[in-house]
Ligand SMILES: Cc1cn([C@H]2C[C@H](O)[C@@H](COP(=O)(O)OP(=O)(O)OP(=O)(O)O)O2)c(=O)[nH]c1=O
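Let's start with one chain on its own, the form predicted alone, as structure tokens.
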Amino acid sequence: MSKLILASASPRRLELLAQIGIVPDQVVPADIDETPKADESPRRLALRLAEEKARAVAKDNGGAFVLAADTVVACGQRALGKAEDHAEARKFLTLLSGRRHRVYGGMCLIAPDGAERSRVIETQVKFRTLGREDVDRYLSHDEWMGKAGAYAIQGHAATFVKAISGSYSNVVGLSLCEVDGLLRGLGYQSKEV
């Protein structure tokens, strides 16, 4: 049975996979440049980053399944990355306040035989209008750090979400429905069956 490598440092992705009984044999974060290219759409960015991460890890790990993912929060055609500091996190949350935005989850799976499958999952999220106190309270926690768009839907920011259309787990970090389909489609069999 071939091993599964998760090409991600995200503890949330590990937790999500565990929910469906999948425990990667190894976690190997990919070291790639995540800078968006000129005129690259948020959807395309999410897909490209997932594919580059998977390929970077697969080249040194032949004979394994390699799963990579990337999450991009977009307000219009503007990709909101991981906020660098409180000021940028405040800017992102203020921009998302009272608006609908999209979360693109790119994922790529490379099988031991080199077969590669990629997907982009889109989820729409609508935030309620946030007051200054809401943003201040949220930023007083470290939850925003390391999160696309400066929020974690599974944490305190759940109170910001007025509506969601699409995969909830995609917003957390990995669409479980899609990843399960990709793994089964390329012949991966979990040891947790």
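Small disclaimer: the values here were computed from a predicted structure and weren't measured. Residues carry their position along the shown sequence, with the first being 1.
Unshown form predicted in complex with the ligand; subsequent notes refer to it.
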Quick one: the ligand borrowed from its pose in the model of the complex and superimposed here by the pocket C-alphas, is it open or blocked (3 or more atoms within 2.4 Å of backbone/C-beta)? open
Just give me the single entry in Leu139, Ala64, Ala152, Ala56 that has a non-hydrogen atom within 4.5 angstroms of the ligand in the model of the complex. Ala152
Note which of Arg117, Arg100, Lys82, His86 lies within 4.5 Å of the ligand in the model of the complex, where distance is taken over heavy atoms; exactly one does. Lys82
Looking at 35-43, 129-137, 152-160, 56-64, which lies within 4.5 angstroms of the ligand in the model of the complex, counting heavy atoms? 152-160
Please check if Ala18 has a heavy atom lying within 4.5 Å of any heavy atom of the ligand in the model of the complex. no
Is Val171 close enough to the ligand in the model of the complex to count, meaning some heavy atom within 4.5 Å? yes
Under a 4.5 Å heavy atom criterion, is Ala9 part of the interface with the ligand in the model of the complex? yes
is_contact(Met107, the ligand) in the model of the complex, heavy atom dist at most 4.5 Å: no
Does anything in 46-71 come within 4.5 Å of the ligand in the model of the complex by heavy atoms, and if so which residues, in order? Lys53, Ala69, Asp70, Thr71
